[in-house]
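As a starting point, one isolated chain is supplied in structure tokens, in the form predicted on its own.
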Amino acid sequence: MDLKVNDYTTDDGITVINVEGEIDVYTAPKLREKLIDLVNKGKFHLLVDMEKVEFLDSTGLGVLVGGLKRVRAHDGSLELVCTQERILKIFRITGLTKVFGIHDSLEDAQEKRKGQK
């Protein structure tokens, strides 16, 4: 399974990264490169849309945590959109639900962000 990764920036300055496919040891470098590229371009508020992710392994988790560390070094944020129980279970088991903001939809994430300002 291939991994599709593309991004766009919303009107309020959040860069949304749409991820589709499997994030595993073979495909995770593609996501890592995208996160590094965005941070290098000065994009420090990232929202990863994982609604079309079918599989996530420890390598994928590592890439997301690495991305979070990168944006936090610039007072940024990396949050997730995910409603799939099998993916959410991985975040719960690893305790990463306490580290990442996990939202039900892009709209939900944007509303919470507006509420924090």
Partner chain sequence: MAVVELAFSALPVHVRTARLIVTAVARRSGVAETLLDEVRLAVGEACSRAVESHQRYCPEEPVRLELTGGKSRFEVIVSDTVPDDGVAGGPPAAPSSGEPGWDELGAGEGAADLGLAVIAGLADEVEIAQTPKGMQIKMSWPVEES
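Every value quoted in this text rests on a predicted model; they were computed, and no experiment measured them. Positions refer to the first chain, counted from 1.
The protein also exists as the form predicted together with the partner chain; that form is not presented, and the subsequent description refers to it.
Peer 1: Give a yes or no for Leu47: in the model of the complex, does one of its heavy atoms lie within 4.5 Å of a heavy atom belonging to the partner chain?
Peer 2: Result no; Leu47 lies far from the partner chain in the model of the complex.
Peer 1: Whether Thr59 contacts the partner chain in the model of the complex should be assessed with a 4.5 Å heavy atom distance threshold; does it?
Peer 2: Heavy-atom contact with the partner chain at 4.5 Å: present for Thr59.
Peer 1: If you check in the model of the complex, is Leu88 within 4.5 Å of the partner chain, heavy atoms only?
Peer 2: Output for Leu88 is no: heavy atoms all beyond 4.5 Å of the partner chain.
Peer 1: At 4.5 Å between heavy atoms, is Leu106 in contact with the partner chain in the model of the complex?
Peer 2: Result no; Leu106 lies far from the partner chain in the model of the complex.
Peer 1: Checking a candidate spot here: are Glu22, Val63 and Leu68 all in contact with the partner chain in the model of the complex (at least one heavy atom each within 4.5 Å)?
Peer 2: Affirmative, all three are within 4.5 Å.
Peer 1: What are the residues of 83-99, in order along the chain, with a heavy atom within 4.5 Å of the partner chain in the model of the complex?
Peer 2: Residues within 4.5 Å: Arg86, Lys89, Ile90, Ile93, Thr94, Leu96, Val99.
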